[in-house]
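A single chain, nothing else alongside it, follows as structure tokens in the form predicted on its own.
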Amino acid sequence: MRRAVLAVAAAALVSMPTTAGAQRWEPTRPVQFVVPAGTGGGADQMARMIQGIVSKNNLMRQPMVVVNKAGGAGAEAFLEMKGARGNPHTIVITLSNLFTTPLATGIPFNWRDLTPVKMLALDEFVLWVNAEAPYTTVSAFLEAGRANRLRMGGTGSRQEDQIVTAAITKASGVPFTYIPYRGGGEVAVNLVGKHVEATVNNPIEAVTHWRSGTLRPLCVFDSRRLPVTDKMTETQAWSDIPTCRESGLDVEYLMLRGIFMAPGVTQAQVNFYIELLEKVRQTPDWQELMRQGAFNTTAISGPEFVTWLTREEERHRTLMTEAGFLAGR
């Protein structure tokens, strides 16, 4: 009798799936990794770095395919993701156009239409000029702008770069002619070619040109200097760039680099990508990207991420209202 009872119990244990096993999920076909911006910019570079790390380290059985959908300042990508309800095989990397695009265009989209996965980092903004420009300080740059209206290049219209540009004008009284381009890589190339006088590109979008001696950083739009002390050029590290505030320009702005999924996915599917991205963050390649691009390495998920998104949406609504960038204005 005792052997029979033990045999029944053992059979039950074998047939009963473990909790971990029941909740485990992984992709069964290639994962489309959507970039709501053009090629060469910060979001595109980060997505392709993640793709490379996943492939190099065999972190996922299925391949990851990066697809750029920059139409309508990212609206094309966001609406496609919104319409992919229940599809766990597509993810999107977001910048702050997650907030700015619907506010500026009025498209039927809100970040709550997606499933938040993880904030990977926060991206900095730097005021860049051509290395041959006569101004080497923020004050000299602003004086030049007062004397002759300068051209400020940026990614898209009524997005982060133009918001920062409007904030500079509000803080200094110096107006600019804003010229929109398709992505941060194109913005940097046009500053190198002197088609514009300044940009507020992210560090990762301009670092190669800084290292080659064609661009010059004037200040960083953060409350503190960047912590990276390794030399990026022969004489300068990211930490050598003063904040805009200490340079007399009271403007601060950081940008989201986060991952979202389509609506209607399961928590097990979300957990897979949270775990995958955490493995990515632990690799030397990722750490080098964070160093080269001087990223703020804050990474959060779950309720903390949702709280942050709610707060940032309201902050962007305020900034865009002040700048006159809301749809219909």
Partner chain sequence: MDQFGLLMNGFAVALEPWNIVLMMIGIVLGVVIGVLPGLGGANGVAILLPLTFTLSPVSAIILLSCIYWGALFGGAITSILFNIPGEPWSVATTFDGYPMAQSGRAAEALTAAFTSSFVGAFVAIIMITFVAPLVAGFALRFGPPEFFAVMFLAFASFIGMGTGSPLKTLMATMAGFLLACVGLDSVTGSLRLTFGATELIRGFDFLVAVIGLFGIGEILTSIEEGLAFRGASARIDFSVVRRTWAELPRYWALSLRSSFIGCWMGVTPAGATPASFMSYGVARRMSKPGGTPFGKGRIEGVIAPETAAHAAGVSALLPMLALGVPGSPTAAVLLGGLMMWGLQPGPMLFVEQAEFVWGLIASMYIGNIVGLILVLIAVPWFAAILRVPFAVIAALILVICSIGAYTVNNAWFDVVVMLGFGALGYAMKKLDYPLAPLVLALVLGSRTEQAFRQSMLSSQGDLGVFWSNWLVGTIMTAGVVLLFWPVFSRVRGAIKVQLARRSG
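Note that this is a predicted model, so its numbers are computed, not measured. Residue numbers count along the first chain shown, from 1.
Keep in mind the form predicted in complex with the partner chain is missing from the figure; the text below concerns it.
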In the predicted bound form, do 45, 79 and 195 all put a heavy atom within 4.5 Å of the partner chain? yes
Could you spot which one of 245, 211, 146, 170 gets a heavy atom to within 4.5 Å of the partner chain in the predicted bound form? 211
By the heavy atom within 4.5 Å rule, which residue out of 229, 136, 177, 235 makes contact with the partner chain in the predicted bound form? 177
For residue 118, is any heavy atom within 4.5 Å of the partner chain in the predicted bound form, or not? no
Even though the partner isn't displayed, in the predicted bound form is residue 73 close enough to the partner chain, meaning a heavy atom within 4.5 Å? yes
Indicate whether residue 200 is a 4.5 Å heavy atom neighbour of the partner chain in the predicted bound form. no
Please run the contact check for residue 52 against the partner chain in the predicted bound form: heavy atoms, 4.5 angstroms, yes or no? yes
Of the candidate stretches 247 to 255, 217 to 225, 148 to 156, 91 to 99, the one with residues having heavy atoms within 4.5 Å of the partner chain in the predicted bound form is 148 to 156
Residues of stretch 169 to 191 in contact with the partner chain in the predicted bound form (4.5 Å, non-hydrogen atom): 177, 178, 179, 180, 181, 182, 185, 186, 189, 190
